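The chain that follows stands alone, in the form predicted alone, written as structure tokens.
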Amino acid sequence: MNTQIFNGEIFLITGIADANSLAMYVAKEIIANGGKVICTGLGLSSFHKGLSEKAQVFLQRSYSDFQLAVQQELGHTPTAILDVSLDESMEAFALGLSEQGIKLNGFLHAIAMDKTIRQKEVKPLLEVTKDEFADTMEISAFSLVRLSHFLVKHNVLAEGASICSISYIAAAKVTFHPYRNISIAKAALERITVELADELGRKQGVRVNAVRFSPYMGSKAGNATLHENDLQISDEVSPLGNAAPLDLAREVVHLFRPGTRITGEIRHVDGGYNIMG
């Protein structure tokens, strides 16, 4: 008897930086349950103009590392460059899917950026510049709107598809590890989730949800912001201890499951940390 959740449905996975990225765990779980994935990463494209040599090398290395991680962990999985700071990049990506006749049954938004965090030090909010605030908001929150826009515009988001984003409790509370600037972007991401759930649900039955996950240091992103002590504190405070990446992946797969009516939810996969005072 087939107990797999998917039957060849295709999902877009953004935000893979390395083999330990949370998005990688989600991709693996989708494939394990009979689905297919298309993975996107940041890389150098024809839409990048006037970049310094250093910036070009960074983008090339980022994409090379991304492709290698995908190949090692997922095998021969389709990959593509996607820069959510450029409308041209998002539109070209969506148009490319359309020209191939690909319909997405959903996508994972696992993209975030905050230049106010350096060497694990969080810049005080009062010191954050307008550009730093706007850049973080654009990449970490507004990109969900724009990417959805282009996928809908080019008719590659299937009727009844499911969208899921990764968030954190700092979107709602000041935590023991203050995110400051990016916490505001996460709050915006969650509000966007609710608004898109209403708008896309009525438009074409698309579900939109977000998941708040436990602190995690396994990926490049988590390691850039957290200390080992942070994980220990949350692990001790949470009734079930910290959630594992596989817990997150299984919840996202559940939200991606075809035919459900779960939408506009901000789910918690954090071992119960969110219920504590």
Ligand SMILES: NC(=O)c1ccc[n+]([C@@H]2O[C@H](COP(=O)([O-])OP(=O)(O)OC[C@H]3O[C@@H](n4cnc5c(N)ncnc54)[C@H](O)[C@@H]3O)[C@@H](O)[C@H]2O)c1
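None of the values given here were measured: they were computed from a predicted structure. Note that residue numbering begins at 1 and tracks the sequence as displayed.
There is another form of the same protein, the form predicted in complex with the named molecule; it is not shown, and what comes next is about it.
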In contact with the named molecule in the model of the complex (heavy atoms, 4.5 Å), from 27-35, 220-228, 234-242, 49-57, is stretch 220-228
### Query
Applying a 4.5 Å heavy atom distance criterion, does F107 contact the named molecule in the model of the complex?
no
(Q) Whether M113 contacts the named molecule in the model of the complex should be assessed with a 4.5 Å heavy atom distance threshold; does it? (A) yes
Q) Should L82 be classed as touching the named molecule in the model of the complex when contacts are defined as heavy atoms within 4.5 Å? A) yes
With the partner left out here, check for me: in the model of the complex, does some heavy atom of C39 sit within 4.5 Å of the named molecule? no
The one option of T193, T136, S167, S148 with any heavy atom within 4.5 Å of the named molecule in the model of the complex is S167
Across 49-81, the residues having a non-hydrogen atom within 4.5 Å of the named molecule in the model of the complex turn out to be none
